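Just the one chain here, laid out as structure tokens, in the form predicted alone.
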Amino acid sequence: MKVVRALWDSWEDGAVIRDVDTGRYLDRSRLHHINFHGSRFAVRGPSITPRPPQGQPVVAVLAHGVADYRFAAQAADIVYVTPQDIDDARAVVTRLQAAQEQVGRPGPPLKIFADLLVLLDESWPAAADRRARWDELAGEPLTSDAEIFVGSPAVLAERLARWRAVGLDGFRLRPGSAADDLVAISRGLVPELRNQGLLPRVHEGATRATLRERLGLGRPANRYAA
């Protein structure tokens, strides 16, 4: 991750000048060798492509344990975690905060998103019946590394609000079925979250924002520009 992030910065913003009069496409003074030498490989740089419009792409890590928490604290913008209940979520947040202190994380704190596998319907019995049919067809119970939520969008919105209060920044929802649950999320859950003030209304220009901006992440400064 250190090498990749250095390569993303190896072109300063404005390195592409397209100067027709002089025939110069690049300002070579704004390209940098990263000169990385490790125990297994070496990279001189610079990258073969300009710096991304976001400065650096969003780096996300799925973490299940202490070693993963340390890596996320050192290298990631977002960490996805898989708590099984609200007490577990609170404990995971505490461990991640401790990991950030241990590695001396620079810059903004890590964004913590909880994963949930969701089966949504108008009521809990309807959603539970669908899960039971799946289990029967598969010949075994549905399992996941994340908590499995079965119920209505309204109840899920209430649960997300309670979980968010323990320090989570957001959630990554895994639809149990793209045909059913993705529609239920967009048409059922999203309005519930907006009604509770947990999701902003769509505003003009939102579709033009970068992923970093949508996630509340600042644009990283280029390490070489200074």
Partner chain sequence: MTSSEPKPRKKQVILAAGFPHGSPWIAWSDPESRSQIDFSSISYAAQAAEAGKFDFFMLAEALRQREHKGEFYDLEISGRHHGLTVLTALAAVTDHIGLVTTSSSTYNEPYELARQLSTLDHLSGGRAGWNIVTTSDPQSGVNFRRGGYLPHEQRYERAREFVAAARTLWDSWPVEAVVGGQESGRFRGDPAAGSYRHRGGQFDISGRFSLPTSPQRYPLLIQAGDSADGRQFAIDTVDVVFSMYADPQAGRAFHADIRARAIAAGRDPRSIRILPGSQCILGDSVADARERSRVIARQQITPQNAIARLEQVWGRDLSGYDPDGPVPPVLASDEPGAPRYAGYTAGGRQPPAIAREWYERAQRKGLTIRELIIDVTLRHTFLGTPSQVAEQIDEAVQSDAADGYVLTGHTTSVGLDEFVKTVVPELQERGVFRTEYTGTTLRENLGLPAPAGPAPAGWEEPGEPDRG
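Just so it is clear, the structure is predicted and the values come from calculations on it, not from any experiment. Numbering follows the first chain given and starts at 1.
In what follows, reference is made to the form predicted together with the partner chain, a form of this protein that is not presented.
Chemist: Counting only non-hydrogen atoms, which stretch in 185 to 193, 167 to 175, 41 to 49, 63 to 71 is within 4.5 Å of the partner chain in the model of the complex?
Modeler: Contact criterion met by 41 to 49 only.
Chemist: Could you work out which of 31, 58, 199, 161 is the residue within 4.5 angstroms of the partner chain in the model of the complex, going by heavy atoms?
Modeler: Result of the distance check: 31.
Chemist: Using heavy atoms and a 4.5 Å limit, would one call residue 214 a contact residue for the partner chain in the model of the complex?
Modeler: Outside the cut-off, so no.
Chemist: Do residue 209 and the partner chain come within 4.5 Å of each other in the model of the complex, heavy atoms counted?
Modeler: Flag for residue 209 set to no.
Chemist: If we check the partner chain in the model of the complex, which of the residues in 10 to 37 reach within 4.5 angstroms of it by a non-hydrogen atom?
Modeler: If the 4.5 Å heavy-atom criterion is applied to the partner chain in the model of the complex, 10 to 37 yields 11, 18, 19, 20, 21, 22, 23, 24, 25, 26, 28, 31, 32, 33.
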